[in-house]
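Below are two forms of the same protein chain, given as structure tokens: structure 1, then structure 2.
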Structure 1
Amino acid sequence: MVNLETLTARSLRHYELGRLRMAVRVAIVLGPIVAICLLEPVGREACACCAGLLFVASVWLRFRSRGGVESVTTGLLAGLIPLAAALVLTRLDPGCAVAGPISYCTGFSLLIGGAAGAVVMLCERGRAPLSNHWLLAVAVALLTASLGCIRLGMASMAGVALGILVGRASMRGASVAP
């Protein structure tokens, strides 16, 4: 006869292992993104650090709940916009890394961050209005964007962060209007 406590413990262990496998699958998406960022000659150490934080945060959020899976998906999608733009801007104008807070590079980062914030709002619009999952999506988007923006300096990172928040807020106002 099978001991029910042993069977329950074994089934719970397999359930948790399945959740962990599902959560770690985000590495399939993050691997190529991180590889592209690590191929850039400038800022590899900072990129590797941000990639590690992004991987740990993504796995933890995806393991935690279904809402975390959706937040990570939304954040990765939104963060790819400033990531790609920052990689292109790094190639076109390497001087953006030393540009001050009042420069076209920071303005461009603010604009691209606004587009990422709009993506977060559009993806999150079907959720409950009092849900705080958008904060998690914004955090993942910022970590994803930082893979490319960190080599442009703190002014660009701040511009992207502010742009994401402003873009999300402006789209929220647009979606509420009749």
Structure 2
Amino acid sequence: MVNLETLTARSLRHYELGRLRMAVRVAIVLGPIVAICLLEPVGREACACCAGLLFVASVWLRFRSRGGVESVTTGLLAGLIPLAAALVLTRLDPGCAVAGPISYCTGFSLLIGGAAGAVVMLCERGRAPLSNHWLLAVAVALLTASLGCIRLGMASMAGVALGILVGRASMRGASVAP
């Protein structure tokens, strides 16, 4: 005869292992993105640091709950826009890395951040309303964006962060308005 307590404990262990396996699978998506970012000669250390942080955060969020899984998916999707844009900008204008806070580079970051914020809002709309999961999605998007933006300086990072918040808020305002 099976002891239900033992069975529950063993089932829980299998459950946690299954969740961890599912959570770690995010590496399949993150791997190529990080590899592309690390190919860039400038700011590799910072990029690797951000990649490590993004991986840990993604695994943890996905492991924790389904809401976390959705936040990571939304964040990665949204963060890809500023990441790609930042990589292109680094190629086109290497001067952006040393440009001041008031420059067209910051303006550009704000703009692409806005696009990412809009994506966050659009993804949220298609899913069930889950308390403050949008904040987690924004955090993941910012970390993803930082893989490309970190080499453009803190001003660009701040621009993207602000852009994401503004973009999300404006999309939300547009969808709520009659």
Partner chain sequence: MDPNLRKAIQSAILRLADGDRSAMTPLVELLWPVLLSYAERGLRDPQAAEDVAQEVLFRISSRISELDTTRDPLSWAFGIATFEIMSQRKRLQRRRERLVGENMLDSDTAASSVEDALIEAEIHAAFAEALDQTSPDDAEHLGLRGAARGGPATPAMRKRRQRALDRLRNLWRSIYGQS
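All figures in this text were calculated on a predicted structure; none of them were measured in a lab. Take the two forms, superpose them, and find the largest set of C-alpha atoms that agree within 1.5 Å; that set is the rigid core. Counting starts at 1 and follows the sequence of structure 1.
Asks: Two forms of the same chain appear here; which of them is the form predicted on its own?
Replies: That would be structure 1, which is the form predicted on its own.
Asks: Given a core-based superposition, decide whether the C-alpha of residue 17 shifts by 2 Å or more between structure 1 and structure 2.
Replies: No, because once the rigid core is superposed, the C-alpha of residue 17 moves less than 2 Å between structure 1 and structure 2.
Asks: Once both forms share the same rigid core frame, by what distance in Å has the CA of residue 8 shifted between structure 1 and structure 2?
Replies: Its C-alpha shift, to one decimal, is 2.7 Å.
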